Every structure is written in C-alpha cells, then in structure tokens.
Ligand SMILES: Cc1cc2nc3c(=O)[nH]c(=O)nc-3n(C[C@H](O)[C@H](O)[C@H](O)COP(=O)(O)OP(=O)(O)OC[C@H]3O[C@@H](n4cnc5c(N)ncnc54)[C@H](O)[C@@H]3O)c2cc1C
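Next up is one chain by itself, shown in structure tokens, the form predicted on its own.
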C-alpha cells in the first residue's frame, strides 16, 4: 500500500475556544472538505486522528496524552500532520441541516457551515460558555439555533428538542456530529420520521493506523472501517450496528459509549 507522506507544519496561532478546547492554526492550507480528517503526529508522543475545522486548522479537546502534548505547544511550534484523504465525507445535497453537540461542532460541521452548505444549524452544549466559536461566525453563514442543557443560551434543553420541532422529514440531508449518545438519539428521531437514510453521521473510533490495515476501527457486524469506509456513514447503514451501544479501547475491548 502506498505510504502517505507526513507534512510538517508550523502552528501560527492558538485560539482558546473554552478551558478544554483550542483551535490550532497552521502555516499551510490543505484541500480539506467537511468530514475529512488527518492523522496528527506529535513527535515523541502519539499519532491520532483529528478532523479539520478549517482548511488550515484543527480544533482539539484535551482528553489524553497526545492532546495534552498539543496543548503544551506554543505558536511557532512544529508538528507533523499526515494528510489522509477519506472516501466518505459529508456530501450534502438539497436542503441541509447540521446538528452538532459539544466539540462535534468544531471540526467537520464548522467547515460545512462556513462553506455555505448548511441551510440551518442546530448547535448544543452544556452551558453558554461551552458553545463553540464566536456567535457571529456561524450565524453569519447559516440559520443558527442554539440549545444549552442549563438554559444559559438559546433553548433550555437538548438539540433533539429543536430537531423534532424543525421537522427532519422536510430536509434532504441532515449532517450530524457530536457525542455518540446524542447522535444515536438523532438517529432514533430520523427513524421515527421514516428517513434514517437522510442522516449522515461522523463516527469516532479508536484508530491505530488510519489507513485501513489494522482493523481497530471496524464496526460490528459489517466490518466497515471508520478510517477507510468512513468516517461519515448514513443512518440506514449503521442502524443495526454497534453505533450507540459500544466502541473499543486501544486493547480492542468493548466499552460503552
């Protein structure tokens, strides 16, 4: 298999989106489309998959050793990013709705909105302080509705409340990203509306190689690989899979989502 070369980049800017989220802006742009990701190599630490939040940026949540190493970097720091083209991105067509929860809004769906592909956008977070990006950025390019668990901004409740009110059957495409529990609830609503195939879900699974060899990101029972066959899947493909129930850790053991 052809080895995809790593590309060194310089971090030109670091934007603190929230206490646990930062956007790292690079010295070069990539021809990234919504839903595509790169394998991020932090020398001496690890290599992990990260979705693009812009063609020259990734937005990162500090959750482990590799992301902690990223958070320790300053502008001018040098990393290597392995640009890997994905087969399945968000291919919106017709009237399009984006549904995002938490950090899921950052990478693929921000890029979807800023490219002008999302007619409507539902964004959720626990509190107003955790709503990502400046309020005017998304509202300037799409019809934005917000929901917060504690009611500090927008609708007091969940993105699923706003989705039901929006009538999902009226859309041609519904692009979803965020915590899997939330995405599974969205899929249930689409099934109730008789249109699971309209949903396009970005899955997050542990990856070792990122090129389809190791099998660490295979989905039961189909064997589809998130890194090569995804990371975006339509709802009708994953409806009877492990989605919403379990994933796997680095050792391959099942863990609840």
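Numbering follows the first chain given and starts at 1. Because the structure is a prediction, the values reported are computed rather than measured.
There is another form of the same protein, the form predicted together with the named molecule; it is not shown, and what comes next is about it.
Worksheet entry | in the model of the complex, residue 198 touching the named molecule (heavy atom, 4.5 Å) | Contact check for residue 198: no, nothing within 4.5 Å of the named molecule in the model of the complex.
Fill in: residue 63: touches the named molecule in the model of the complex, heavy atom cutoff 4.5 angstroms
Because a heavy atom of residue 63 falls inside 4.5 Å of the named molecule in the model of the complex, the answer is yes.
Worksheet item: Using 4.5 Å between non-hydrogen atoms, is residue 59 touching the named molecule in the model of the complex?
Response: Close contact exists here: in the model of the complex, residue 59 approaches the named molecule to within 4.5 Å, heavy atoms only.
Worksheet item: Would residue 255 count as a contact of the named molecule in the model of the complex, using a 4.5 angstroms cut-off between non-hydrogen atoms?
Response: Yes, contact at 4.5 Å.
Worksheet item: Pick from 50, 54, 219, 193: which residue has any heavy atom within 4.5 angstroms of the named molecule in the model of the complex?
Response: Contact with the named molecule in the model of the complex is made by 50 alone.
Worksheet entry | Residues 203, 207 and 231 all lining the named molecule in the model of the complex, heavy atom within 4.5 Å | Each of the three qualifies.
Item to complete: For the heavy atom contacts within 4.5 Å of the named molecule in the model of the complex, list the residues of 160-174 involved, in sequence order.
Response: Sequence-ordered list is empty.
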